Ligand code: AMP
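Shown next as structure tokens: one chain only, the form predicted alone.
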Amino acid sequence: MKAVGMVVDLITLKKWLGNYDHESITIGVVASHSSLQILHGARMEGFKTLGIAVGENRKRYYSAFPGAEPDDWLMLENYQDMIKHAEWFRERNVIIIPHGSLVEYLGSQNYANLEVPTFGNRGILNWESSRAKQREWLEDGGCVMPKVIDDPHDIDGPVIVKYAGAKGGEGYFVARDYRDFKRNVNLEEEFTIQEYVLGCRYYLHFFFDPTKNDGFQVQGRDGPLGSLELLSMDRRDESNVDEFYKLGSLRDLREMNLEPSFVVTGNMPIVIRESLLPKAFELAEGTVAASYGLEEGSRGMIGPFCLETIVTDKLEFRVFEISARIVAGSNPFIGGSPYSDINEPFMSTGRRIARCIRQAIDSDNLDSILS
């Protein structure tokens, strides 16, 4: 694999943290995406919280959820202003928790250059943002992925065209041939053409803790790397593709100038048949182990990630994407899930992030989970 330079070097990170009061850490998050559960989880673990937002209306909305309302707010003209507030964040002992909206609003390059301690390995998100890099990573980890079609003229059956970045399915479309593709594609965006695999789509929410030495241990080349946990699973409500079948064939719909849309509008909790769990863990373990070869310094995966999968009628997994951070599909589980409740009730992904930070503070190991 091609090495990618670390976004924040360890010396700089330790210098920042050396000026932090570890008894007064504040969890900061952009008020969107999965921030309610992140804020709620941080509060459950005893942290002060900071909401970051543009527009007073966003701030007012959080007053409806006192259990997750931030202790303090940073109101900005635009999200790019976070870069200018780096010293302000550090003076207040802030650790930023990334999610899809943060990366989308701030921009991947600005996020990479944000001079504030951030949970997880932000260098991993360089791989998430590129479909080609994702494929290299996931296939190296043992995942079977839908075929990719390089030349749209070669489309001879149903495919799905996806754009790069965390856009919640916006702009995705199905094509049966080159004519369909040409009619719908935005050539100004980076896109990937994938084979359309029939099956059930399951989004598997894992958490990898490199500081934990019990539970399901991920095996690397030189021994255990850390502990892998399955926290929850979801399916997605997508507008309007889930309702299209009621109106006729795709050909009929296009004659009415209607196109299916894959914009995610909500998430539904799910459990899969238990016999599929060993394979799910095998895929996640391989993905984590392969992440240690992605970048120079080999820090690998840290914290939450989601394997986005299809299970076929042959009970085979196809992994079509990874989100290397907390996903909004974990939002139905703020009170825990059928999987996380087995180990500890009321453990959301947001709270698991805060717990990881709390344990790292207590063991004086905070630099091992931040970047």
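Residue numbers here begin at 1 and follow the sequence given. Since this is a predicted model, take the numbers as computed values, not measurements.
As for the form predicted together with this ligand, it is not shown, yet the points below apply to it.
S.K.: Verify the flagged residues Q194, R201 and E238 against this ligand in the model of the complex: is each one within 4.5 Å by a non-hydrogen atom?
M.R.: Yes, all three are in contact.
S.K.: Answer for I310 alone: is it within 4.5 Å of this ligand in the model of the complex, judged on heavy atom distances?
M.R.: Contact check for I310: yes, within 4.5 Å of this ligand in the model of the complex.
S.K.: Considering non-hydrogen atoms and a 4.5 Å limit, does this ligand approach Y172 in the model of the complex?
M.R.: Taking the distances in the model of the complex, the answer for Y172 is yes, it comes within 4.5 Å of this ligand.
S.K.: Should F317 be classed as touching this ligand in the model of the complex when contacts are defined as heavy atoms within 4.5 Å?
M.R.: F317: no contact with this ligand in the model of the complex.
S.K.: Residue-level question: is K162 within 4.5 Å of this ligand in the model of the complex, judged on heavy atoms?
M.R.: Yes, K162 lies within 4.5 Å of this ligand in the model of the complex.
S.K.: If the cut-off is 4.5 angstroms on heavy atoms, which of these, G300, P210, P146, G141, is the one near this ligand in the model of the complex?
M.R.: Checking each option against this ligand in the model of the complex, the one that comes within 4.5 Å is P146.
S.K.: Consider the chain as shown here, without its partner, and state which of F262, W137, F181, Y105 has a heavy atom within 4.5 Å of this ligand in the model of the complex.
M.R.: That would be F262.
S.K.: Within 4.5 Å, heavy atoms only, one stretch in 154-162, 122-130, 220-228, 278-286 touches this ligand in the model of the complex. Which?
M.R.: Of the options, only 154-162 has residues within 4.5 Å of the partner.
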